[in-house]
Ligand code: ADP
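Next comes just one chain, in structure tokens: the form predicted alone.
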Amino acid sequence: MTTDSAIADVLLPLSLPQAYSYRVPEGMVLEAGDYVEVPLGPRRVIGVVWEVRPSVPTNMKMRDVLRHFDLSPMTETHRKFVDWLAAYYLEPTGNVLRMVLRVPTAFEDAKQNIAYRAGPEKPAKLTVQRQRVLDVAAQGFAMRAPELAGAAGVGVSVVKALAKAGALQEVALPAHRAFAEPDLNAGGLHLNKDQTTAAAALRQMVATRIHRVTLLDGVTGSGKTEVYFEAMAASLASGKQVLLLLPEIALTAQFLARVENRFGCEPAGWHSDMRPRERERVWRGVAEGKARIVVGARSALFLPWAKLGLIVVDEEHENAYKQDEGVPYHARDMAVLYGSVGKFPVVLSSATPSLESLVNVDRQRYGIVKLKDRHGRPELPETTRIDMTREKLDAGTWLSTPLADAVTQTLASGDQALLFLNRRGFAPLTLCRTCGHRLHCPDCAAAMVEHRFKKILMCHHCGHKEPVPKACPECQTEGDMVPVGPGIERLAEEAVKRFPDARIAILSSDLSRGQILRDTLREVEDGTVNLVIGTQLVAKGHHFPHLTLVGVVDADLALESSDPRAGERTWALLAQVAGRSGRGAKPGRAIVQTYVPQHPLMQALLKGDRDAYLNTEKIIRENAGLPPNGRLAALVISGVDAAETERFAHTIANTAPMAEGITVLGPAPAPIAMVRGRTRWRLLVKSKRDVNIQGFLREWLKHVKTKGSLKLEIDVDPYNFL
């Protein structure tokens, strides 16, 4: 029997439901939250101490903790957040911890940067290039080799040769750049009366230092960002950290600049496109409390916050906050949960708030602050619609005459126009005119989308790519494969023909990323481009001061869905994209092409009557018992063998227990019945709002075991119904 002094229960970033116990070796002192390295089979794994408890006599052999990392421990608040999120989404706790520990290099000894400054020796041979390097070095600033070489206009090898000769001296710099302290008075803007009132309300909320959620509901262009900056300033003044969540990494660079202007220091960014070295710097900076402001995508929630005091969720209505793969969490909802656990305030900001947030305001669970007018301009864009059932379009064209004329007039007046179509690629379907064969993904039950600029067909579900065939794969007829329907690239092709003198930019996530996207956005903002053709990427938070016309090419596209949120999503998307116009000195207008002009959504959009439309949506959802008036959970069963997958889905359905207030629907083939070669079946669990749906699912599925290729995925509060 062993009677060691302490046992550490260590949670590992693996698909494990609970912590593993390890012996704390003599001389090592651990506490809950410490980062440690432990053995697991033949491997060494980094984990977090979830609990330290006294040892009791046991015959069980226990392995030792191998290493204690000299890092600030994970806070109790963050550990509770991990536990609560895992319980809510029925995920193994280790899977949630994996999202926290995604930067393994943060646990390694940080490598120091080497810089160079003028040294005591003179080089034996002094070339023009070497003299330029020495002249720059003589200015006294230590610079890394690439920086020094760039400043002198030479190659790095010249710098290294001078260092070897003793003409340059090595200087060790800190491993990471330090995070500057925010200057709360650096760039405060003049607020109008409504903004001042709203900012005061948010500052007062922050001052209470208790958990409270406030919806900042302001029309597009009303200056919501400047208002919640004031809430951020109040939280920073109390010594806390602040997280600003954005729905898309495409917005991050633009927001980093705005935050820097306001607070006088570069904030930390966090998104999937970051370089490993910068990820390491930010992760450690957050854990140590030195990174005071973080602007990031949804995964920034899982950074190891030391003293988080405020979360702002910008564009809180966006579906991009819901993660579908891995742990299927919703960042907006989990931001509210984090605030509840950590007892700090949360601000949700949007011009088109989600129905969930509006209903929480109705139930007085959330507070609300409104901005009713645009900053510096009271009127919103005028919206008109075009009844496409009365328009005659030439084959292969998608712009009606009234919309095309409006674009021509706008460009002629020196202003910008935007044509919006929320469909990537050139055409959503390619078929054979001879036999009617449609090109489908070989691994998914989905059509291949033509991307003509890249000269490929692509599946938007699994990423499969292949060239466009010259002959039909079915009947072998050559030259009869034709695109059907418009995508953003096909619309651009039409625009080039109709507006030959236009300076066109295409904004779509598959064409514009990283520096290319940033450059394109800058060209739109400064007026270099005068015709923008974009997908939903253009609807999210951009400020285009020269844009006075928005043309929505297919307003009905998002309504073609079985998603219960389809109407709400369409409203938000169309209102947001229309709101890109008229944000500068001139008034804006929006023209909407629709084949269902009498649809209640189109009527409300024409009148600008958001509340009437959403109140109707609330009633529809309430009568149907759908969120936010009811709860949903999706079960997706998938497998390689179609028959086996179907049998397993029916077996699970047949074992569902009877429970009051809960209905189990299905199983049925998923709308996209095959993805990546796996057959998919779905069940939908529907319950009343006050039912413990997680408890029902745990009881139902506790004895379900998958085998072979079979897989069962649970999605609580699903947003994707495909």
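Quick note: we count residues from 1 along the sequence shown, nothing fancier. All values reported here derive from a predicted model rather than from experimental measurement.
What comes next is about the form predicted together with adenosine-5'-diphosphate (ADP), which does not appear here.
Considering adenosine-5'-diphosphate (ADP) in the predicted bound form, the lone stretch of 81-89, 644-652, 394-402, 213-221 in range is 213-221 [heavy atom distance within 4.5 Å]. In summary, among the residues 497, 190, 390, 125, the only one with a non-hydrogen atom within 4.5 Å of adenosine-5'-diphosphate (ADP) in the predicted bound form is 190. This chain is displayed alone, yet in the predicted bound form one of 543, 424, 240, 621 has a heavy atom within 4.5 Å of adenosine-5'-diphosphate (ADP); that residue is 543.
Mapping the unseen interface onto this chain, residue 565 falls outside it, with no heavy atom inside 4.5 Å of adenosine-5'-diphosphate (ADP) in the predicted bound form. Mapping the unseen interface onto this chain, residue 583 counts among the residues with a heavy atom inside 4.5 Å of adenosine-5'-diphosphate (ADP) in the predicted bound form.
When contacts are judged by a 4.5 Å heavy atom cut-off, residue 93 does not count as touching adenosine-5'-diphosphate (ADP) in the predicted bound form. The closest non-hydrogen atom of residue 226 lies within 4.5 Å of adenosine-5'-diphosphate (ADP) in the predicted bound form. In the predicted bound form, no residue of 439-475 lies within 4.5 Å of adenosine-5'-diphosphate (ADP) by any heavy atom.
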